[in-house]
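The chain below stands alone, shown as structure tokens; this is the form predicted on its own.
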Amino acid sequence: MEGFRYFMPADTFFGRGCIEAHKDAMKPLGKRAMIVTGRNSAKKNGAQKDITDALDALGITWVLFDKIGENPDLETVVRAAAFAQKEDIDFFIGIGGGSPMDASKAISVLTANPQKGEEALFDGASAALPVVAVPTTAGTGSEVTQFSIITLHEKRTKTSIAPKIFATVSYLDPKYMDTLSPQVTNNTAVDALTHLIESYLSASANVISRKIAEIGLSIFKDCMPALKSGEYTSDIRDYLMLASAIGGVAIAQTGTSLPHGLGYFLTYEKHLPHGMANGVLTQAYLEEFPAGDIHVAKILEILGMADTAALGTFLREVLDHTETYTEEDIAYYTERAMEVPQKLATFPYPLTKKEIQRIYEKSLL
């Protein structure tokens, strides 16, 4: 057996009411916090109040930055960091889906390195202030990964910042998902599924990362009927959040692969939700593996799918994907994808421009 490295430092609490039960985990992080979130959802689902109540009980003062939109851009995190520096912030609390949690990591890097400016995000040696992550969707896994994805308008895409920032503390409370719409629930759930699939098939996978992904896939399978029906019990919400966290643990070891890398252009150019963009590319991605690939076969077996076509049918049933594309779109996406060889290298077999174009064509035309 080949040697490997395994590293997972995020102090993670799971369960309904976990913020109140484990609020003391934030006490060592500092005396002044900045809450990083969107404008409405964290208020409506109660996550923001749970955090502010906990901070108040601990005697930690706080300020609010609630201007994080979907797919946060460089300009927003720079503006937030300037606000944090002015407020003398000790640590950050990202509440929401992947966007606020990823943004909080990027903001923490900029705040810790004011002399570097935005270049700190592209310097892997840059330090960061502590981050607390509170996911309110089940898809991103950012609460247990070292990744932070931001949008670069200049390059018309999304990218991961260079510093690897794990949350110091993560609170996973599924009750914050109870009010999510079926569309958001399914889009984010498919994001978690693609994390599990891409990690399992990555050239960087190892025996532990694959076993972890298998657990997540098994849990996800139990949620599939609910995703199709649009009816989610509290137990299903719990399982979805657990599957998402397990997917995050898996990609923290391997990174994501082609659907994520290729999907960024669909998100930027066509404004597809991130999970949907990954999902619409997944069947064609799997079909680029040689027939009989044992790892693809194992994924299908765990999910109870007869073949990749069956998985594709499931994904189309749970995703409301109605966008149209042209040959020119495909050509542009393909050219842009070839600019990111490190993402192509996660595929365990040789890839050329022809295979990338075929994935896009089969998925989108």
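Because the structure is a prediction, the values reported are computed rather than measured. Residue positions are given as counts along the sequence shown, with the first one as 1.
Note that the form predicted in complex with a small molecule isn't included here; everything after this is about it.
Of the residues Asp320, Glu327, Asp53, Glu70, just one reaches the small molecule in the predicted complex with a heavy atom at 4.5 Å or closer; this is Glu70. The contact with the small molecule in the predicted complex, taken as any heavy atom within 4.5 Å, belongs to Val184 out of Val184, Ile215, Leu242, Val78. None of 146-154, 287-295, 80-88, 121-129 except one has non-hydrogen atoms within 4.5 angstroms of the small molecule in the predicted complex; the exception is 146-154. Thr188 belongs to the set of residues with a heavy atom inside 4.5 Å of the small molecule in the predicted complex. In the predicted complex, Asp102 approaches the small molecule with a heavy atom inside 4.5 Å.
The shortest heavy atom separation between Ile251 and the small molecule in the predicted complex is within 4.5 Å. When contacts are judged by a 4.5 Å heavy atom cut-off, Thr313 does not count as touching the small molecule in the predicted complex.
For the candidate spot formed by Tyr200, Arg210 and Gln283, no residue has a non-hydrogen atom within 4.5 angstroms of the small molecule in the predicted complex.
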